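Only one chain is given next, in structure tokens, and it is the form predicted alone.
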Amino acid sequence: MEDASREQWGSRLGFILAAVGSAVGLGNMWRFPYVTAESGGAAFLVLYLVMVLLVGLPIMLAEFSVGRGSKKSPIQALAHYGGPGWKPLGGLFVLTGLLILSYYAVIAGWTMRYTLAALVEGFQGVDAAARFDRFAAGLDAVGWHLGFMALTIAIVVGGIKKGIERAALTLIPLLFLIVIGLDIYAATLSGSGEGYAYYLQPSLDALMSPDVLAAAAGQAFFSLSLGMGAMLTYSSYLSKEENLPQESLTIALSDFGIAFLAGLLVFPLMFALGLSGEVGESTVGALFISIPGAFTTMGGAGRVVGFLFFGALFVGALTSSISLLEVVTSSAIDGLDWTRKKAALVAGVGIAILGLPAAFSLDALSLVDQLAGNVFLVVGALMLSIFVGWTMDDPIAEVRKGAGDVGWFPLWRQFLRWVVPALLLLVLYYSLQDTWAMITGMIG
């Protein structure tokens, strides 16, 4: 029996596009090109695809089995299958989503500001570094951060069908069209071939590097919105007839597709515009200083390309932020018996206030990103793999509903028990090292 009181997706396409929207965000357009450049170019790309299949898909299917099976948000869902002792893991999911959205909305506010600036002012005659300093911190950043959160709240208040699904059906096709159009444009630029070579030629040394492997695994579940309860929450609105393995594969491949297309844009663009020396610099520097600075050399085309480029960043950020706020909103609805409107407003306003330090300080933003995005996410995914692999009573039975009896399901659970935890422990080891280095660097 379905829970008649719980909202459901209006269509399979709506769910898939919403889930793809959760996965396809700044993790693809903002973080993926940077991590790729930092981790050996195409070698990272190969390992990333392998990690999506070995880590991303098993964890996504685990989240789907818990979410759809329980028809509850993270805290209540974990308690449903594992008892009250597992509630803290659901709490960690909610906390991670809350923290990520608090600083993510600040960066998303920058994308809104740059999109408007491209449309109204253009890039000609503007000092890119000075513009970023003006946009990225202080009252300007606060205003756009709050504006972005207000837009996110408004969509989540609308509910699953009329808010989240309707936005996904419009925004995700638009995002793909913009990125593909920009890819085609980048391919016409003189010098773009060097960017393709950097992106698509793997280094054997990098392929064998544990650092690159750890970075690829980390990016795989960061990009797929795993370890924060987003996919668990979205799947709780699914019917029992949906084929969970098929949906997982579709979402994972779509996410990889947009990440791959983003690389086909960013690398050729940076090499063609003479920015190859900055391709491994910080993500913030590349996207918000170097590339906008290069748009000034493109004349009128730079204004159009800049508008589309930052528009794509904004769309990706918005679809991801919707899912993050829905995790907190759904948890408040289930756990506190609040109305959707009250839950979304209280959660959204609270997150907006929590994000104010990140809006005033890039150091605060970086620290929260490191803790939530590189540590809490990994711990959440690790514990979920252990929960579904060892504690949950017959997750295979839930996955079979709508999919039939598929022979590899027992292998999936063995992956969750042994392979996924081993890989995530490796990622966690390097993430903790990086976090400690960041903290000591700030103290020093």
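In this text, residue numbers run from 1 along the sequence as written. Everything numeric here is computed off the predicted structure, so don't read it as measured data.
Below, we refer to the form predicted together with a small molecule, which is not included among the displayed structures.
K.L.:
Pick from 147-155, 207-215, 73-81, 319-327: which stretch has a heavy atom within 4.5 Å of the small molecule in the predicted bound form?
P.N.:
That would be stretch 319-327.
K.L.:
Are any of the heavy atoms in residue 36 no more than 4.5 Å from a heavy atom of the small molecule in the predicted bound form?
P.N.:
No - in the predicted bound form, heavy atoms of residue 36 and the small molecule never come within 4.5 Å of each other.
K.L.:
Any of the heavy atoms of residue 235 lying within 4.5 Å of the small molecule in the predicted bound form?
P.N.:
Residue 235: no, not in contact with the small molecule in the predicted bound form.
K.L.:
Please determine whether residue 27 contacts the small molecule in the predicted bound form, using a 4.5 Å cut-off between heavy atoms.
P.N.:
Yes, contact at 4.5 Å.
K.L.:
Report yes if any heavy atom of residue 424 sits within 4.5 Å of a heavy atom of the small molecule in the predicted bound form; otherwise report no.
P.N.:
Looking in the predicted bound form, residue contacts with the small molecule do not include residue 424, since no heavy atom lies within 4.5 Å.
K.L.:
Give me the residue from 290, 223, 111, 102 that has a heavy atom within 4.5 Å of the small molecule in the predicted bound form.
P.N.:
Of the candidates 290, 223, 111, 102, 223 is the one lying within 4.5 Å of the small molecule in the predicted bound form.
K.L.:
Scan 251, 164, 228, 106 and let me know which has any heavy atom within 4.5 Å of the small molecule in the predicted bound form.
P.N.:
The option sitting close enough to the partner is 228.
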